[in-house]
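So this first bit is one chain, no partners, the form predicted on its own, shown in structure tokens.
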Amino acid sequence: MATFSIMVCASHYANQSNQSALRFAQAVIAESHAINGIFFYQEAVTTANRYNHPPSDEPNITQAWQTLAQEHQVPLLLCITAAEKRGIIGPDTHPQASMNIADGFQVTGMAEFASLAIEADRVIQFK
């Protein structure tokens, strides 16, 4: 059994990369491997916006990530710097600043991802 750390850099609506990351994570779990964390970086931080409401004929990628995290206890980590830059959170870290963040996502920094990557057997990045 291998342990994976996954970094997602693409927006949930710009291309297929974010959805490919989700499918990869589901496949890793189905093969009885472990995921120690999924880090949303750059444009991927928009995935964690609680106000994402896609049209009914499109998949709700935010909800799909939340389901994966809840069912398999996989941490969904949101880069604080990228989230601030894109207006997902405010420049402070008060609880009110996190109101735009969907349930299940945790605000953290690149250092947290680096720690997870060191502990993982494989690090996979989706751009």
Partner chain sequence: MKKIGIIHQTSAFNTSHGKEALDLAMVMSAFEQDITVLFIGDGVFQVMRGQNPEAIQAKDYLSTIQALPFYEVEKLFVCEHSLHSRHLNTEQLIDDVTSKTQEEISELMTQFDEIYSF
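All values reported here derive from a predicted model rather than from experimental measurement. Numbering follows the first chain given and starts at 1.
Heads up, the form predicted together with the partner chain isn't pictured, but that's what we're talking about next.
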property: Non-hydrogen atom within 4.5 Å of the partner chain in the predicted bound form for each of Q42, I118 and K127; result: yes
property: Heavy atom within 4.5 Å of the partner chain in the predicted bound form - the one residue of A102, A64, V28, A82 that qualifies; result: A82
property: Among the candidates H53, H72, H33, R86, the residue which, in the predicted bound form, approaches the partner chain to within 4.5 Å (heavy atoms); result: R86
property: Heavy atom of A14 within 4.5 Å of the partner chain in the predicted bound form; result: no
property: 4.5 Å heavy atom contact, V123 to the partner chain in the predicted bound form; result: yes
property: Any non-hydrogen atom of V107 within 4.5 angstroms of the partner chain in the predicted bound form; result: no
property: 4.5 Å heavy atom contact, C9 and the partner chain in the predicted bound form; result: yes
